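First, one chain by itself in structure tokens, the form predicted on its own.
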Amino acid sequence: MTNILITGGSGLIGRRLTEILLERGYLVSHLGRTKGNGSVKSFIWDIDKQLVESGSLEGIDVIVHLAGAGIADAPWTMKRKREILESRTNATRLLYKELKKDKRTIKAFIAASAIGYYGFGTQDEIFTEETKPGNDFLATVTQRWEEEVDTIESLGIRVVKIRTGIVLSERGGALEEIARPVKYYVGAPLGTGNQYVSWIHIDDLCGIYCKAIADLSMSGAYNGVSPTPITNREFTKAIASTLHRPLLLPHIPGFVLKLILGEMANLVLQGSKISADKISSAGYTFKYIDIRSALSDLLEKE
């Protein structure tokens, strides 16, 4: 029976992945800043002090590394930017140090990454795993993050990096924030509305993680996105249709969002079209390819 340790297990992805892994018969434990609620065994680490609770890696076959401060949880002050970066690099560096002491039974290290690695693209540009990285803040963070993850491969451990797109879930995250104004009849496309949204249903993302755990041929980077990216305008219209709400307002001008969000406005005003060909070629079959089927599953659960 495969024993999985998840960092960031209390987050949006970690909670759902834990449920799915348990359903599939895996043993699961969590490593985080505080003890969990008892649903799975949990251990504590202190990333700032570079300390990990004794026994946390004992008997573990696979580490799924999801830990990191939320990109859109707070304004991008200099302090927050540093926290976003260091919560990822320092956490990964701590795991490397622990594994270097004693790899124990670890066979694979499956790490979260982000499509922010590529930066932002034009309407016709399609990013694959072979595309060179961008040079904006998030691209720089993601490159530094992946560089730390790659050090673990030097220990002879299989490493997979999942470059995740916009995760759609009924439990919060981006979909909740985008759907809320639509529900109250104040939803509208953002900026031009032409920027691409490379999205993925949370169950498909967790399915990719499950495949990465079980498929020994997988290594390196894979884009964790649906094969059908859509524009912000199409995304907003699909949410309105699913919720049976009209879109009454015109586009929200980009300068308004920049005044409110500052640099963080780029997250919604710019986009990128990301290819899912590599993970599809690896044998993963998506459950939710069409945005309307994904939204119907998630929004109609409420």
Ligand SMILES: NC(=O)c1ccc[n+]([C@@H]2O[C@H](COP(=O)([O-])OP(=O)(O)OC[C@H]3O[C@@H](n4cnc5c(N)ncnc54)[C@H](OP(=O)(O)O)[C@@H]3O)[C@@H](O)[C@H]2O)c1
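Keep in mind the model is a prediction, meaning the values are calculated, not measured. Numbers for residues come from their place in the sequence shown, where the first is 1.
Below, we refer to the form predicted together with this ligand, which is not included among the displayed structures.
> Please identify the residue among Ala179, Val149, Ala212, Ile166 with any heavy atom within 4.5 Å of this ligand in the predicted complex.
Of Ala179, Val149, Ala212, Ile166, the residue with a heavy atom within 4.5 Å of this ligand in the predicted complex is Ile166.
> Only one of Thr140, Thr131, Ser87, Thr231 gets a heavy atom within 4.5 Å of this ligand in the predicted complex. Which one?
Contact with this ligand in the predicted complex is made by Ser87 alone.
> Is there a non-hydrogen atom of Arg33 within 4.5 angstroms of a non-hydrogen atom of this ligand in the predicted complex?
Flag for Arg33 set to yes.
> Looking at the partner-bound form in the predicted complex, is Tyr196 within 4.5 Å of this ligand by any heavy atom?
Although this ligand is absent here, Tyr196 would stay clear of it in the predicted complex, with no heavy atoms inside 4.5 Å.
> If you check in the predicted complex, is Leu21 within 4.5 Å of this ligand, heavy atoms only?
Contact check for Leu21: no, nothing within 4.5 Å of this ligand in the predicted complex.
> So, in the predicted complex, is Val40 in contact with this ligand at a 4.5 angstroms heavy atom limit?
No.
> Among 215-223, 149-157, 94-102, 110-118, mark the stretch whose residues have heavy atoms within 4.5 Å of this ligand in the predicted complex.
Partner-contacting stretch among the options: 110-118.
> With the distance limit set at 4.5 angstroms and only heavy atoms considered, check whether Gly11, Ala67 and Trp145 all reach this ligand in the predicted complex.
Result yes, every residue of the spot touches this ligand.
> Just give me the residues of 182-197, first to last, that have a heavy atom within 4.5 Å of this ligand in the predicted complex.
Nothing in the stretch sits within 4.5 Å of the partner.
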